[in-house]
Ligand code: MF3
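Heads up, the chain below is alone and in the form predicted on its own; it's given as structure tokens.
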């Protein structure tokens, strides 16, 4: 397994791409409400990324993916394809996943939204998914291991009586959208690759209300829960620093440290 160690110059470019991805989520937020189609959300993000940021939406045409963002509603775990037939309604939950390419480098992030007042179980699920990501990020520092990340997510989520998707995971990122290492969201503490300064990757736990099993729809992109229960996901891109971590996609609405010494 060959992992790319980013130079300070490359990390600076990733900071810019990460900030742009976070800004795109901020820009689309007021439009995420009942009555809007996922296709319209895609157009808003696409126009902002291309016309305002002068950047590239990484998902568009990536291995044939037809849109510029992913919109995963309710029981969709990931890779939901925006369209003009799916309109958001009261009680829905939706993950919007944005990846921006700027000057050849990627910034990848996603956020959960609720439409109107969500159910109690949906609120709990969204909170646990986000908290599991934050707990994992806090462990990132030189000398920690990838298994530490998976272990803390799995222990917390399963302790809250939810399940962790295993077929899809976080990933290394930089000039390449998906590169080594794979960042599993389950595992055993003290195992796996040792983290080193300059490693950049995403942490993006997918947490299910019910069982962890998944099903791929005939479009060969959309992944849903096999038991049709809800799923929630949050994602950040981060880099390992000399003393801890730096989150490259942090938004202003988050009460979380952008950098931390381990």
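Numbering follows the first chain given and starts at 1. Since the model is a prediction, treat every value here as computed from it, not as a measurement.
Keep in mind the form predicted together with the ligand is missing from the figure; the text below concerns it.
Though the partner is left out of this view, residue 97 does reach within 4.5 Å of the ligand in the predicted complex, counting heavy atoms only.
Contact check for residue 177: a non-hydrogen atom falls within 4.5 Å of the ligand in the predicted complex. When contacts are judged by a 4.5 Å heavy atom cut-off, residue 48 does not count as touching the ligand in the predicted complex. The ligand is not drawn, but in the predicted complex it has no heavy atom within 4.5 Å of residue 31.
Residue in contact with the ligand in the predicted complex (any heavy atom within 4.5 Å), chosen from 102, 141, 171, 86: 171. Contact with the ligand, judged by heavy atoms within 4.5 Å in the predicted complex, is confined among 223-231, 60-68, 32-40, 193-201 to 60-68.
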